[in-house]
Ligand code: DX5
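Shown below, as structure tokens, is a lone chain in the form predicted alone; questions about how it binds or moves come after it.
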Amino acid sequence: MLKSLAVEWLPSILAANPLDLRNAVEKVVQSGIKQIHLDIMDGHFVPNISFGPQIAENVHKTYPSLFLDVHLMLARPDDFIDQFVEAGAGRIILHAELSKRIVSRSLKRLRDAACLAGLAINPETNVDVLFPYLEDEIIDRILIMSVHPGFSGQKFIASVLAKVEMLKMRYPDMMLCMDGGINAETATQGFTCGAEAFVMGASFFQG
């Protein structure tokens, strides 16, 4: 378990054995971590399909004290926000690469539902795509993808560290989270650049 840094850890059950999700969530609870990351994929925005709101609802009902951090890698997240809020999501993260119309409408839905919101960017995306939205008080974090989204177990893309430094300099009070290829070494690099939260996959469930 990565405990050397005083940061938020968010285990992603995408990296867990899909036939043993109950024990995977139990491992999170037993570790003392209070939140879990759910990667939701539609096969359109990213080239993979994961699971839907039913899994989120089952986790929430079984472990109601576990905070659900839901990452919507969907072409139309606005079509699913209400379902994930009803399923127990504590925070929903959207991708800033989507059209401004979809992002703005989705953020309004989250505000109306009193659900926390985050914005994510892919490794190749310039940070300036985030700027129009970061004055919105509902946004409580930025998720910087350090792999190309869609699959667990990829190699960390070190070039995104410059984006972390840039965002921390411009928005010093914004929580920055990194997702992809996270282990003790890469988390230390991210922390040094200003990240304070890390999504873990293989390093948690298979390490």
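Each residue number is its position in the shown sequence, starting from 1. Keep in mind the model is a prediction, meaning the values are calculated, not measured.
There is also a form predicted together with D-xylitol-5-phosphate (DX5); it is not shown, and the following applies to it.
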Point to revise | Complete contact of Glu8, Ile144 and Phe191 with D-xylitol-5-phosphate (DX5) in the model of the complex (any heavy atom, 4.5 Å) | key: no
Review point. In the model of the complex, which of the stretches 35 to 43, 159 to 167, 22 to 30, 49 to 57 has residues with heavy atoms within 4.5 Å of D-xylitol-5-phosphate (DX5)?
Key: 35 to 43
Practice item. Please run the contact check for Phe151 against D-xylitol-5-phosphate (DX5) in the model of the complex: heavy atoms, 4.5 angstroms, yes or no? Key: yes
Review point. Does Val199 reach D-xylitol-5-phosphate (DX5) in the model of the complex if we count a contact as any heavy atom within 4.5 Å?
Key: yes
Check your understanding: Would Leu14 show up as a contact with D-xylitol-5-phosphate (DX5) in the model of the complex if we use heavy atoms at 4.5 Å?
Key -> yes
Check your understanding: Would Met73 count as a contact of D-xylitol-5-phosphate (DX5) in the model of the complex, using a 4.5 angstroms cut-off between non-hydrogen atoms?
Key -> yes
**Study point:** Sequence-ordered list of residues in 154 to 193 near D-xylitol-5-phosphate (DX5) in the model of the complex, where near means a heavy atom within 4.5 Å
**Key:** Gln154, Asp179, Gly180, Gly181, Ile182
